[in-house]
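Quick setup: one chain, the form predicted on its own, written in structure tokens, and binding and motion questions come after.
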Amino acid sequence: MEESSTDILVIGSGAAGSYAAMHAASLGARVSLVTKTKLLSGSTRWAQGGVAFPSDPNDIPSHLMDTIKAGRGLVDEHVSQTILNDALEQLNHLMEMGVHFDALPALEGGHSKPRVLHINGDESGLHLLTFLHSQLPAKVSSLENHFASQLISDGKAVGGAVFWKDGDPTRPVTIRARATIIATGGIGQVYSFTTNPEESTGDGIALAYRSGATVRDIELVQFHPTVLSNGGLISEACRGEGAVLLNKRGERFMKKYDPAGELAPRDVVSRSIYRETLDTGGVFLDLRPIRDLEHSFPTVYSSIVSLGLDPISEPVPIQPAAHFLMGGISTDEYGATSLANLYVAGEAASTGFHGANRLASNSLLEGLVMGSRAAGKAASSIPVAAGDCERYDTPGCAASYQTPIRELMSRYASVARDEDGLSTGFSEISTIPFAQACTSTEAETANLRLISLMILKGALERRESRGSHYRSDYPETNREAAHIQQQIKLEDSVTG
């Protein structure tokens, strides 16, 4: 087995991971930045909406209240306050480094004022990530095409991870580290219809859970309301610029569900579209009110045209799709987990910033701030001996089982849920057999199976409707907001 050591191991090369690697290196640490595909991968490069920075210090209380309102009772006010307090420092840092944000901030759903900063319109994520990669210092060693198969852990501390070079388990690579930062992104690929890239299979969350870390609120999956049939996302900023939702009868309907209309929080818009689709047979987004759509939103425009549709002359059909995970590996305000020397940043983490429903464009903000914080704590961490990871092959399923898992999750754990469906989904996915993993695809399938079961279990336990989680059999929100935590007993099977 090939072995190496580093100070800080960062798993995942999106905005959170890349910014963490950059910050850790600036503090003098040797950093290994490892990704299972290419460096330029993950959801960041697809982000259209930009970064929701407070417009100035006086805007922080308003931004905080918008975040709390969208989060439906589960936002950690203290953590959110500290993230927003740090936001302008990170904005200034990025601008000093050379990031050029568009001149005018955009208004997006749930925000009380325009404050979302874009980089070259709806290509914000791609430009941000490309810039961060261009700024990685020499102290950062980047490894592409390395699949993370397991953490080096004794259930109390983490001392690095084992990877499969080019996804081949016969070519294992061990990287021992003083501290490890997971920044592997979300879980969208557990659903048939998602805005997430193919690599979003929940690997980091599965790794941490199998090692004994606490996972929180993983049932809280946000569904983006306006997605094309090819999975192309139509940015919330389009509705901020005047685009309107119409049902199959050509009627605007959002005002009957929320006074904010098209700019209501995403959970409200997604459920409204779901209901109108059931009632009228479909929902469309009319982009004709936007002036110069082709140049204002080039990514959106080209995605629509690629389907043979003309947004300039007629409304385009849309539907909700799995988009963002509010839950994840439970962390404190510095990204620390329940395992010593394991930190998490970005979508894989549950910091309490997003609550039960993420406010638009708060995700890149959290990734940057928490990536910086996790790096700072990791760089100053005291090494704790972690036992060798168990020498088992990561359990996996045949690749052919990915499709049934996604179909079951889309049927039973999507925008609307109920106990019968969730129980059926849990039972059917539980019966999917395991085989010893011999490819990274099969290991990904094992991760999808585990994440799906955790989502279903959490959704069954959350007997209420809150934010992105809607139970048709429990349509009311409980008076007391509560987190749903899941943690494996290490003596149990590592498959969960």
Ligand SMILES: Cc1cc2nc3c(=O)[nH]c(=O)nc-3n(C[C@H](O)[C@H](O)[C@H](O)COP(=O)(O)OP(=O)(O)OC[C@H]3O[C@@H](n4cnc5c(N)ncnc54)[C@H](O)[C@@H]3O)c2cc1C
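Worth saying up front: this structure is predicted, and the values here are computed from it rather than measured. From 1 onward, residues are counted along the sequence shown.
The discussion below concerns the form predicted together with the ligand, not included here.
Triple contact flag G327, I455 and H469 to the ligand in the predicted complex, non-hydrogen atom at 4.5 angstroms: Not one of the three qualifies.
The ligand contact at F434 in the predicted complex, heavy atom, 4.5 Å: F434 lies outside the contact set for the ligand.
4.5 Å heavy atom contact, H323 to the ligand in the predicted complex: Yes, H323 is a contact residue.
Interface membership of S43, the ligand in the predicted complex, 4.5 Å heavy atom rule: Contact with the ligand, yes.
Contact test in the predicted complex: G371 vs the ligand, heavy atoms, 4.5 Å: So G371 does not count as contacting the ligand.
Region of this chain that lies against the ligand in the predicted complex, out of 457 to 465, 47 to 55, 424 to 432, 64 to 72 [heavy atom, 4.5 Å]: Flagged stretch: 47 to 55.
Answer option from S270, N357, S153, S363, heavy atom within 4.5 Å of the ligand in the predicted complex: Only one listed residue qualifies here, and that residue is S363.
Within 10 to 31, the residues that have a heavy atom no more than 4.5 Å from the ligand in the predicted complex: Counting only heavy atoms within 4.5 Å of the ligand in the predicted complex, the contacting residues of 10 to 31 are I11, G12, S13, G14, A15, A16, G17.
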